[in-house]
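First, one chain by itself in structure tokens, the form predicted on its own.
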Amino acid sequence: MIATHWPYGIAAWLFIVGLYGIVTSRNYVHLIMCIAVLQSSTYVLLVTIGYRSGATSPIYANISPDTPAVDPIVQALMLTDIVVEAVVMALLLALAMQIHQRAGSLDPDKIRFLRW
């Protein structure tokens, strides 16, 4: 039973490492990469939730309907998660490039126009 809890632990570890990187980051590109690490913890969590030992893909073309299958909703959520993350990462990296062009730095402490 301990082996079945490993993916949850890995997801929690990825979340904590990403969150620590976000809190301690002094560079916007580093911050964006830490957000990606944090987001990847959701991939591991969704794969873990949707996985069923001995199950097949949810395509019932040539198999019995009693055959166990993995949850297709979790797979769809994970694909949506990947697409959303790709879009958010592209937007954040574009914003980081604009900040670097305007301020000449990616350090939040050195950028005056972003201060309150």
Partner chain sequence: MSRRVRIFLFLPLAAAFLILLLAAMEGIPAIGHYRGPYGDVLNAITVKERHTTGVVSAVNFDYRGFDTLGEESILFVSVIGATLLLRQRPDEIKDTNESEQDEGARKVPEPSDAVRLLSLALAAPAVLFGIYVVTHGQLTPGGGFQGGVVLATVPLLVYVAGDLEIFKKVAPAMLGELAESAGVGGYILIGVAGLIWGKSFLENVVPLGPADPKVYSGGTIPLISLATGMAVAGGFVLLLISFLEETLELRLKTKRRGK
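Being a predicted model, the structure only gives us computed values, none of them experimental. Numbering follows the first chain given and starts at 1.
Keep in mind that the form predicted in complex with the partner chain is missing from the display, and what follows is about it.
S.K.: With heavy atoms only and a cut-off of 4.5 Å, decide whether Thr42 touches the partner chain in the predicted complex.
M.R.: Heavy-atom contact with the partner chain at 4.5 Å: absent for Thr42.
S.K.: Verify the contact flag for Phe113: yes if a non-hydrogen atom of it lies within 4.5 Å of a non-hydrogen atom of the partner chain in the predicted complex, no if not.
M.R.: Phe113: no, not in contact with the partner chain in the predicted complex.
S.K.: Applying a 4.5 Å heavy atom distance criterion, does Leu19 contact the partner chain in the predicted complex?
M.R.: Output for Leu19 is yes: heavy atoms within 4.5 Å of the partner chain.
S.K.: Even though the partner isn't displayed, in the predicted complex is Val29 close enough to the partner chain, meaning a heavy atom within 4.5 Å?
M.R.: No - in the predicted complex, heavy atoms of Val29 and the partner chain never come within 4.5 Å of each other.
S.K.: Which residues in 68-84 have a heavy atom within 4.5 Å of the partner chain in the predicted complex?
M.R.: Counting only heavy atoms within 4.5 Å of the partner chain in the predicted complex, the contacting residues of 68-84 are Ala69, Val70, Asp71, Pro72, Ile73, Gln75, Ala76, Leu77, Leu79, Thr80, Val83, Val84.
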